[in-house]
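Just the one chain here, the form predicted alone, laid out as structure tokens.
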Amino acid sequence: MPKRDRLVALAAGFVCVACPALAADIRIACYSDGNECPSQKEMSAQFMKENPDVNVIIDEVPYSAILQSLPVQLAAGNGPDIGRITAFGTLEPYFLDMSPYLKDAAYWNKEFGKQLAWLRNGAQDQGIYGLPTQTTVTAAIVNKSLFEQANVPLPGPGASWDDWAAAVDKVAKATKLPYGMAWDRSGHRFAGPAISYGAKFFKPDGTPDVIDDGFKTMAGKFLAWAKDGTIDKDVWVSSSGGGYRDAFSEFQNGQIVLYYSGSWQLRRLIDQIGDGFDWAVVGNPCGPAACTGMPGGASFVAFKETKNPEAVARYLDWFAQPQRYAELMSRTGNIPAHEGLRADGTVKYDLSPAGTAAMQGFVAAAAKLSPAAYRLEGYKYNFQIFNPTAARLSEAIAGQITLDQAFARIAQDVADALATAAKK
């Protein structure tokens, strides 16, 4: 090789060695119930210091975008590397199994196994597709100040939904509020009370069977409350289809007495209401079958179209380690999905007195969850049940269809959605 060519080759080699490797970009679609995304960003900065070859980009989006836009993006092949999601069955075809890239998959299965199962495609699937970032439970939250102003006692433990409906109606009338309570517009939110009244959602053979006597009973109560003003029907009729809408602002502004939502609202309750009025978590009102809400939880899942699977797994594994996971739970005020941390009380929350009491209330509600609620939450196609429930009950509340028509359409919608899902 001529001397000049050798010098050029050496120079080129020197340049390649001297240049740092380009960082692998990880883009994350994140929604917040409270401060989850800001907390994730702050802790990700430390991850990037320790892993300079990875650049983390967190896009904070509304929850509606996770439900509606993210599936479209993934289907088109231009989705993010990671997403914070709750609709696991809907997006399962796009999940990346991180098992080959994790240092200790057994640790993940031991500490997160119950919620990892929600991400899998049946019992035979042992993949690890994401990091559960919280355990949630639905429960009733009440404005105690309004009860005191109205001189109405809080219903005690074991009180039914009928008892609570009567109580909040008295408070609303005494304090001149238009409504007594509001439920998030969500089939998931409706499911817990329905199970309390005997809804099973499945036949003994595991086949979905949504419309039974228990479901009909709770739907009838819900519609009656919407018609007589006990419940704020606008929360449900203001959206179409299976679209989600919460009622936090109505509760925050003191416009409702009882808000049916869940533990993911804790940080917002603390930060946005504070000591504006006295509020408390009172668990789940009872029906003849149970006093249950619904379990749930979000996970940061990895998507298989990522160009950087090793970096994605490394990032989530970094957050999965006990000390960092405990810090994330402490920052966000969430119940940990990590079995060890939940059992030994390692997570320390810097909460107000009301926040501490609320956390205890949510934990107590989680202990009373029905097996039927866990079964429904773990069902791969549960959103194919939840979305038609919200859509058709909203139409009945708006007077567009009768309740019997709503039942028939829910059954047909679920059957159609499951048939479509089975073809994919």
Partner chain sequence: MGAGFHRPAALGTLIARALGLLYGAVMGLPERPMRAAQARMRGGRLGWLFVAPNLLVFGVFTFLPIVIDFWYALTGGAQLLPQDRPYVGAENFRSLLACANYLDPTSCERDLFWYGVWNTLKFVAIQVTLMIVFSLLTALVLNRRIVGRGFYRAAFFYPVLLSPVVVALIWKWILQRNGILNATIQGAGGNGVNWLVDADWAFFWSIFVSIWAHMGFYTLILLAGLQAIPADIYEAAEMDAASPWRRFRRLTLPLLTPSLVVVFILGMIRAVQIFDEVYVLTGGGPGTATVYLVQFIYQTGFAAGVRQYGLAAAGSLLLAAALLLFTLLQLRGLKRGAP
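Residue numbers count along the first chain shown, from 1. Note that this is a predicted model, so its numbers are computed, not measured.
Missing here is the form predicted together with its partner chain; even so, the following discussion is about that form.
The three residues Ser32, Pro38 and Arg268 each lack any heavy atom within 4.5 Å of its partner chain in the predicted complex. Its partner chain is not drawn, but in the predicted complex it has no heavy atom within 4.5 Å of Thr306. The shortest heavy atom separation between Met43 and its partner chain in the predicted complex exceeds 4.5 Å.
Among residues of the shown chain, Asn51 is not one whose heavy atoms approach its partner chain to within 4.5 Å in the predicted complex. Proximity of Gly122 to its partner chain in the predicted complex falls outside the 4.5 Å heavy atom cutoff. Partner contact region in the predicted complex: 68 to 76, out of 147 to 155, 284 to 292, 68 to 76, 207 to 215, criterion any non-hydrogen atom within 4.5 Å of its partner chain.
Though its partner chain is absent from this view, in the predicted complex it lies within 4.5 Å of a heavy atom of just one residue from Thr175, Thr346, Ser352, Gln255, which is Gln255. Proximity to its partner chain in the predicted complex, defined as a heavy atom within 4.5 Å, singles out one entry of Val301, Val237, Met329, Ala337, which is Val237.
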